[in-house]
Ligand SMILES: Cc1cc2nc3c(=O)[nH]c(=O)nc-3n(C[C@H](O)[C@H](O)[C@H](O)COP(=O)(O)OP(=O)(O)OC[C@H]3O[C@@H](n4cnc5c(N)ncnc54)[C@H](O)[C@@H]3O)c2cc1C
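Quick setup: one chain, the form predicted alone, written in structure tokens, and binding and motion questions come after.
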């Protein structure tokens, strides 16, 4: 047989096919099955589009939009450098189609490769649900009943989905999420963004840079509240000058009046109403474990819906692993990829398993300004009762910061004064997610502050001097 098998909607009552391995989800889970599994009988189950969240509706297309937005936003800051620039407009259909003209063929190619290129892989396209111990039923569109399969081993990599906010009338009025906002037919004049995390702030940056009037509604008193307090405060200050930011605001009801979306808020200032043409809900994501009925196979979940796994990504059931958003504390693609490699190794080498390494998990926020972070915030260190020191370095006080005329960005380091080990680092400003990699490497390989600062050359006058100067400011024992 030249290729794999795509199960058609032709089912046989009572027929149960058994596999060596079933992988549920084609995001990071799709990378597990390579040539080393050639003698395994494998099934891959996907309910949506091949490639998962990151490829189709997450990291990759959003950053393609972000880069375009950064270009669109350049004229607004050019005057302070003595350059007169104007933005004459953006061609939204061209922006959108350039991005998905690249993304969609990759997703289709990934599906085609699995269906046609792997003789030992059977692809099931439909919603999967466990109906018993290591027993899965896949509801295939167009079929009246589901097909049941079993396996010795399962990998649950089913990802997550956007949370539907608890706001009266939201289902009737209609709302957008990250899964459809990037494919709008045309740009709205006004957009309400409900949320204050990285998804909300990244899309606020994108659409405001394209000329959309953005109102951002946050329940908390600060945007990006999971960041270091100083970083979150600075970001909120900057964002409030660009967008209509409503802090400490609870959305209670939404309605559409004469085509206008009207979102009713409860705030310390009293009742308020904000208006827009569209409503983007970006209040978080929920693991897809509930859609799979994982309890039916004995898999346990946390109170927040995440599947419980150990350091080797094993669930409570022998022979069932989970990875990525469906089980992880971190809804991050680089974490899911790492966990997929751990599961892959442990499937192939059951007598020599390895543990996942979640010691220093970094993240980036690609809004404006950008943020890069790894390790403990000062708040974390204080709450844990740790002895620590901090140091802050402004972009404005390094030579390349002068070149950019950046007056708001900074790096903040948190370190153990006794050992000189970095506990955390937090950067807000240009290329922050790139700069933070220097700290990730130092923390991951145990490089202390003194060795990092003085044990290597730092190119002058490049941006990494931001970190060099911050390291030299730390007051160690």
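Being a predicted model, the structure only gives us computed values, none of them experimental. Residue numbers count along the first chain shown, from 1.
Below, we turn to the form predicted together with the ligand, even though it does not appear here.
> Among the candidate residues 452, 64, 443, 49, which is the single one with a non-hydrogen atom no more than 4.5 Å from the ligand in the model of the complex?
Replying inline: For this set of options, the contacting one is 49.
> Quick one: of 436, 32, 45, 42, which gets a non-hydrogen atom within 4.5 angstroms of the ligand in the model of the complex?
Replying inline: The residue from 436, 32, 45, 42 that makes the contact is 45.
>> Is residue 368 near the ligand? Define near as a heavy atom within 4.5 Å, in the model of the complex.
In response: Residue 368: no, not in contact with the ligand in the model of the complex.
> Is residue 153 close enough to touch the ligand in the model of the complex, meaning at least one heavy atom pair within 4.5 Å?
Replying inline: Heavy-atom contact with the ligand at 4.5 Å: absent for residue 153.
> Is the gap between residue 333 and the ligand in the model of the complex 4.5 Å or less for some heavy atom pair?
Replying inline: Residue 333 belongs to the contact set for the ligand.
> residue 24 near the ligand in the model of the complex, any heavy atom under 4.5 Å?
Replying inline: So residue 24 counts as contacting the ligand.
> If we take heavy atoms and a 4.5 Å cut-off, which stretch out of 199-207, 236-244, 267-275, 349-357 is in contact with the ligand in the model of the complex?
Replying inline: Careful reading of the contacts points to 199-207.
> In sequence order, which positions of 113-136 have a non-hydrogen atom within 4.5 Å of the ligand in the model of the complex?
Replying inline: The stretch 113-136, when checked against the ligand in the model of the complex, contributes 126, 127, 128 at the 4.5 Å heavy-atom cut-off.
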